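First comes one chain, alone, set out as structure tokens in the form predicted alone.
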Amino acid sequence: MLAYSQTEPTQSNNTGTFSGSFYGNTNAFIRDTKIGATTPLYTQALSAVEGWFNANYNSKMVNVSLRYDFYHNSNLLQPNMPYSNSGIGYWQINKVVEKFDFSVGYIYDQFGSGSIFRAYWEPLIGIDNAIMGARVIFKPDQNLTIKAISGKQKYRFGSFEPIVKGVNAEQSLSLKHNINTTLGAGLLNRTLDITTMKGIADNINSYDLSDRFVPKYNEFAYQAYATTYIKDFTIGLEYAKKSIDIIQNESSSKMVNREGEFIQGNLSWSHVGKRGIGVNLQYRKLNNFEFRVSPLENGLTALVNYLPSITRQNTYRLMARYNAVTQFNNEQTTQCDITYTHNEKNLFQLNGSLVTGKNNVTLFREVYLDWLHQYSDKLKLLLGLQSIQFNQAILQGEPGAEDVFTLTPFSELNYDINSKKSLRIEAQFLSSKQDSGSFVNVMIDFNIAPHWSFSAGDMINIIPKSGSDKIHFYTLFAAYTEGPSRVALAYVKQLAGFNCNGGICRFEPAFNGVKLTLSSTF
């Protein structure tokens, strides 16, 4: 896990505080032709190092942050090829003057849920789209916040040339009968530069006359959102729209000029008592809502907004093998999550989600059920079942591939041996006749507080696809923690698949090798 949060800072003569963190990772690549681990990382680089050192200085006069990034034959930013570079990956100077908050440098922020704008950092999946520029926040009172940003979006150690500018306002209100609500609205503008526009024009001029159009330099997006709390109920609504913008046509890979629309709503109800129950309903519709600083880019690169999947985020190895990957230009998602606490010893959870695309084609469907039973203060058992339908042709970009259907029973046992030692055992069986066939995964964790953690696991394609071999995907892990510092060593072998963080997923090739990580906060 990335250690980026800061610990209690040290203080000297009341002049200011200094804090920070370090995270470093080393990979040793072991070539394996059976799983496809044969890229130049395995034939040329053989090993890779990447890391981040973050430092913060805060005082009454000024707040300063700086982060040094380094990538040495790293596969984080381009999974199939080694990438090497280093330098200042982030810096910011911040000053608060009464009701104003001024920042220059690299800005991480978002408007509302992020549907039209979010600048954030997820290093372990290679995302850093900070805005290089300025931000002003004005808070005339505790309930109203107005923020404005302007700058270029970061790309590695440089930036894209188009300019992003925006403003957002958020107001909190307390109404009668204990009703509280938060209202918000935002506007964002992207202006293309001459070089990017020339690249777009060259592409359009290569099309047939019937497919050509006149691109515009400026794109606008706006949003309005509200969240209301009424006793045990929470109601959230959000609407966003983009003016006519250049996006990639998902069927022809040609650029097209289209308006975009985003609608999202959620309704939650929870009752706390002897028998507690909670229900959460979510709905989202995306229509041509791909929004980039440069329409020439694709994948997770150059995205201005944040549209994570709103389906369940699974953590078990086999259950997370097939994920709903957001389809920016045509997607409709419905999800329902129900939790029921029967008593202090029994907790039930039921989740269902459905994602459809163009012409109501099913992209992803999941049904999930689990039961957690607390036998004693030391022993608890989780049992569950997951069923998935996964459109491999669209979500993994494999034309002609059949839909994958899985049924996965799973269990997890946690046992506190004593005040310092604990044991955790998890097991899953994924049954499928498609893709790579059926798998079994077993993992055992053993912890000795406060220093040691160990785990060992094996995932095997117990019923492989016709013509394939049975392959063991072993995992061996050990970690030592001393205060705020932690060192971990692991051997990992895994299939190609999605790596997800916070609902944002990217497809990564197979991996076989050794990982050494070191993290610390100060």
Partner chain sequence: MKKYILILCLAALLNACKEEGPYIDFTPTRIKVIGDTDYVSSTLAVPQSHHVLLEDITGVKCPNCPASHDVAKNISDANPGRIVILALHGYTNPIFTDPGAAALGFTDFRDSTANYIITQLLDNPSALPQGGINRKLFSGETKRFIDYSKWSTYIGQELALITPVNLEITNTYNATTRELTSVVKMELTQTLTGDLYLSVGITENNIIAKQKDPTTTIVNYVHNHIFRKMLTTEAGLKINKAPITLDAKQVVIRVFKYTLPSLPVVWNASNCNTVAILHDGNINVVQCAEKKIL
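Numbering follows the first chain given and starts at 1. Only a predicted model underlies this, so the values are computations on that prediction, with no experimental measurement involved.
Not on display, but discussed next: the form predicted in complex with the partner chain.
Of the residues given (Q171, Q389, Q396, N447), Q171 alone sits with a heavy atom within 4.5 Å of the partner chain in the predicted bound form. The partner is absent here, but in the predicted bound form a heavy atom of P215, alone among G437, P215, G236, G352, sits within 4.5 Å of the partner chain. From the list 369-377, 161-169, 280-288, 255-263, the contact stretch for the partner chain in the predicted bound form under a 4.5 Å heavy atom rule is 161-169.
Remark: D232 does not count among the residues lining the partner chain in the predicted bound form, judged by a heavy atom distance of 4.5 Å or less. A residue is said to contact a partner when one of its heavy atoms sits within 4.5 Å of a partner heavy atom; Y108 fails this definition for the partner chain in the predicted bound form, lying far away. In the predicted bound form, at least one heavy atom of D141 sits within 4.5 Å of the partner chain.
Although the partner is absent from this view, N205 contacts the partner chain in the predicted bound form, with a non-hydrogen atom inside 4.5 angstroms.
For the three residues N189, M197 and F220, a heavy atom within 4.5 Å of the partner chain turns up in the predicted bound form in every case.
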